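Presented as structure tokens, the chain that follows is alone, the form predicted on its own.
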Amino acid sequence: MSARTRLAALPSAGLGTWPTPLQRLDRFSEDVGAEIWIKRDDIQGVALAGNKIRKFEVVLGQAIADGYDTLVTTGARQSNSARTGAAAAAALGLDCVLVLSGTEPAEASANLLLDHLLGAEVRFAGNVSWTELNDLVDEVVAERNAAGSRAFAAPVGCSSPLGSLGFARAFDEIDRQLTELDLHAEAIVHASTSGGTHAGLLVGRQVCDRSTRLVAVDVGRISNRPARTLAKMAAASAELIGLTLDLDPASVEVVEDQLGPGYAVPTEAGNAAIRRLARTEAILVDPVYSAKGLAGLIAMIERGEVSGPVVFWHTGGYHALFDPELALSSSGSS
């Protein structure tokens, strides 16, 4: 059985609406001076879930097959991934516990508001590291199991080797779309934090026998050596479908110039990117995640590193625009 066949045969929870659109951004392309296409993973039918639904699609499909009834996952207070986990669990009739960093605000908004609306139990962990958050998830799993549930953990971003294979499937999807359009993409650029999206794309590129340039714009610095972490995760994911993927970390392209003060802290470049895309195409990105990815693409164009056609993979999320602590001013230049 080929790796492609094994990939297609992985369990699926039946959550997503595939394929997501791939469209040319005519006015934005003119504005930035390069031919830009966008992969619209922000368009989904499960509580506006975004790209993380691709990972949960596989992980929850396997979890249901294994008889689990409770999802425990984690992220920052305005985590797109945690909100997607809550949405996926609600759609499938699973219980969900979210362990979020930071402290509980006086009033829930944006993603956090949706977490509550979707029926998730939300616990705040304070100002802790990503490693500590994942450790707390394991503690909640043990607690729930001791109480009689069948709980399982999904890490930050649902970025496990299995979850990443959702994006190996995604590469196959966009490869088919590009072929139908007779379009050769110079590069695919996307925001990255926990790494599962990029790791999966690396696997998918190998499965499809392509050489497309893949660029991860790091917006969160989960790892001190992100390229090495991505190569390791991609290898572990590939192994699950019988594929050997021995990547030199130096070949894994990670852009780190959009981090700003840190994860979930908006930047001027990110806010400018939000306005440029909104005012040219009426497409929204969020200040925590996808805006920094878009700003990274714009900076690459300005430095002459790409000229197009380039695909910006819209990984979803605009909900943080409605968090009072992260909101943009209604004024401001583009």
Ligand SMILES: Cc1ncc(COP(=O)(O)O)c(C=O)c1O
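The numbering used is simple: start at 1 and walk along the sequence shown. Remember, predicted model here, so these are calculated numbers, not experimental data.
Unshown form predicted in complex with this ligand; subsequent notes refer to it.
- Among heavy atoms of residue 88, none comes within 4.5 Å of this ligand in the predicted bound form.
- In the predicted bound form, residue 101 stays away from this ligand, with no heavy atom inside 4.5 Å.
- At least one heavy atom of residue 289 is located within 4.5 Å of this ligand in the predicted bound form.
- Using a 4.5 angstroms threshold between heavy atoms, residue 52 counts as touching this ligand in the predicted bound form.
- Partner contact region in the predicted bound form: 186-194, out of 143-151, 173-181, 251-259, 186-194, criterion any non-hydrogen atom within 4.5 Å of this ligand.
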